[in-house]
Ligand SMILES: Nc1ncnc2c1ncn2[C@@H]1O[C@H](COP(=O)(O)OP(=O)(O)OP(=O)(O)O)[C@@H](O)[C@H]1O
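Just one chain follows, in the form predicted on its own, and it is written as structure tokens.
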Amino acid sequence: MKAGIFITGTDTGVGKTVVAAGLALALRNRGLRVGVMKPVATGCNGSGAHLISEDAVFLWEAAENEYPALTSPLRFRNPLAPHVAASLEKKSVEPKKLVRAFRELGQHYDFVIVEGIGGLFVPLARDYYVSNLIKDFDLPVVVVARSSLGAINHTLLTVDAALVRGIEVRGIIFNRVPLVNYSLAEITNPKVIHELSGAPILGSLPEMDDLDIATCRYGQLQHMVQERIQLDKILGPHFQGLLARS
């Protein structure tokens, strides 16, 4: 297993890109050489061979990586599930190419952060889902979830689906948690989810007004991750060795 983590979510739009970029910023600050990857991206800007994923650029700039082609190897214009976008755009998703890109990227960095697309069951190709890609990458996952009403069901489903498929769940990060005027569900859900799933709660991140993916503004993201997320648990058993080499 390459030292790294796969960032998945309970749904699209939960903030996987923000969490992945924040982890990259914080781990770089600890002296690690961090690689980032968005293997498959849809809803990209541009046309033809010049499609650009804003999410991938946001990750790439946060990590200050040197290999954009490996960071974002497969891009589609239509904002759809990759399997559907590929069909409409007369392209294909070849898992072996994604695995090769991941392994090549890993040769250049101590720790690799991979951001998925949507949740575990987003189809990348026929009978091949994000969960299959995680298994092929041989990475543990961090689940990004909301803390609002509905979070219990969505998060437990995601954790259960991962565990059934033999995927290690390193923990859960709650994103866009309000600092004031929070609901009763937002107060109680993290504890309930931990008790019912057994998955560690790694921390939470608030909504940040000074952050913008489109313009690569990170604001207080690094500080928030360092202060509010248990980075040691995300790094796992590789932690001491990585810091010793840094």
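Note that the structure is predicted; figures quoted are calculated from it, not measured. One-based numbering along the sequence shown.
One more form of this protein exists, namely the form predicted in complex with the ligand; it is left out here, but the text below deals with it.
Among A185, I213, I52, V192, the residue placing a heavy atom within 4.5 Å of the ligand in the model of the complex is I213. M208 is the sole member of I201, M208, V57, A26 with a non-hydrogen atom within 4.5 Å of the ligand in the model of the complex. Annotated contacts: R33, D110 and Q222 are all free of the ligand in the model of the complex [non-hydrogen atom within 4.5 angstroms]. For the chain shown alone, G236 is not a contact residue for the ligand in the model of the complex, no non-hydrogen atom being within 4.5 angstroms. Looking at G118, you'd find a heavy atom of it within 4.5 angstroms of the ligand in the model of the complex.
Within this chain, T12 lines the site of the ligand in the model of the complex, having a heavy atom no more than 4.5 Å away. The ligand is not drawn, but in the model of the complex it has no heavy atom within 4.5 Å of H154. With the partner omitted here, the stretch from 173-181, 60-68, 43-51, 193-201 that lies within 4.5 Å of the ligand by heavy atoms in the model of the complex is 173-181. Residues of 13-39 placing a heavy atom within 4.5 Å of the ligand in the model of the complex, in sequence order: G13, V14, G15, K16, T17, V18, K38.
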